[in-house]
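A single chain, nothing else alongside it, follows as structure tokens in the form predicted on its own.
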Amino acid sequence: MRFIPQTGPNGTHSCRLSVRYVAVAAAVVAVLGAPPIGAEPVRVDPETGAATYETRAHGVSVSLTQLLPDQIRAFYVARGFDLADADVFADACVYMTVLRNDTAPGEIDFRLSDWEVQHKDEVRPLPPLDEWLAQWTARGVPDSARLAFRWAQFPSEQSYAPGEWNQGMLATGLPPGSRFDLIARWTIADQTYEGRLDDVRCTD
């Protein structure tokens, strides 16, 4: 995964602009000049085999740990889903996702609608939380189960001050067995950052 400063706010002095653009250009050059970073798991659960992918840069860390289909089914059946409904979510390549503002120079803001997954040659958005909730309503999932689902999900948008973090389930919407890249975006002080976690594997 690599983090790429993309844009910056307009300054009020041409000298400040020049310094900023030089700094951004240097960062881009540094990234382009770096060798590709493989997405090997940082750890694998010895009991379940679930892999965790993680990266840290610019004071921010992101990690994905796959929740295996049987884990998803057990979690939601215990909270009021029937097995057929739990299967729908279990087959969507779900990850426990953690985003931390460890030491970023300010508050980070993100919206999941700005994140994407690249699967084969296609780049697509992540399935929105509202679509999942609408699907559960249409399938007759009880209110209490839908509430449990909502609270277990990674936030659709959030701001984290330095030292703050959150976690939650994040579905890619891809079929089991997929390999994909996650493209995460957030802002710090009006500057947009993009990160890629490449070649993440979704176990069947």
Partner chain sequence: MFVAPIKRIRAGLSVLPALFLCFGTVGAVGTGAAADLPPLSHRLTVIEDPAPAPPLRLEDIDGVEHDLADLKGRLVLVNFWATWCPPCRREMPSMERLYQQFKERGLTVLAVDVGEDMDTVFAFTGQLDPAPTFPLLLDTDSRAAQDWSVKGLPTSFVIDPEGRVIIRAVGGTEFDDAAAVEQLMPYLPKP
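All figures in this text were calculated on a predicted structure; none of them were measured in a lab. Residue numbers count along the first chain shown, from 1.
A second form of this protein, the form predicted in complex with its partner chain, is not displayed here; the remarks below concern that form.
Handout entry: Interface membership of residue 115, its partner chain in the model of the complex, 4.5 Å heavy atom rule
Key = Flag for residue 115 set to no.
Handout entry: Non-hydrogen atom contact residue 163 with its partner chain in the model of the complex at 4.5 angstroms
Key = Residue-level check for residue 163: yes, a contact with its partner chain.
Exercise for the section: State yes or no: in the model of the complex, is some non-hydrogen atom of residue 96 no more than 4.5 angstroms from a non-hydrogen atom of its partner chain? Expected result: Although its partner chain is absent here, residue 96 would touch it in the model of the complex, with heavy atoms inside 4.5 Å.
Handout entry: Interface membership of residue 75, its partner chain in the model of the complex, 4.5 Å heavy atom rule
Key = Heavy-atom contact with its partner chain at 4.5 Å: present for residue 75.
Practice task
Quick one: from 131, 107, 122, 82, grab the residue that has a heavy atom within 4.5 Å of its partner chain in the model of the complex.
Solution key: Of 131, 107, 122, 82, the residue with a heavy atom within 4.5 Å of its partner chain in the model of the complex is 107.
Exercise for the section: May I ask whether 65, 100 and 152 all come within 4.5 angstroms of its partner chain in the model of the complex, judged by heavy atoms? Expected result: All three within 4.5 Å in the model of the complex.
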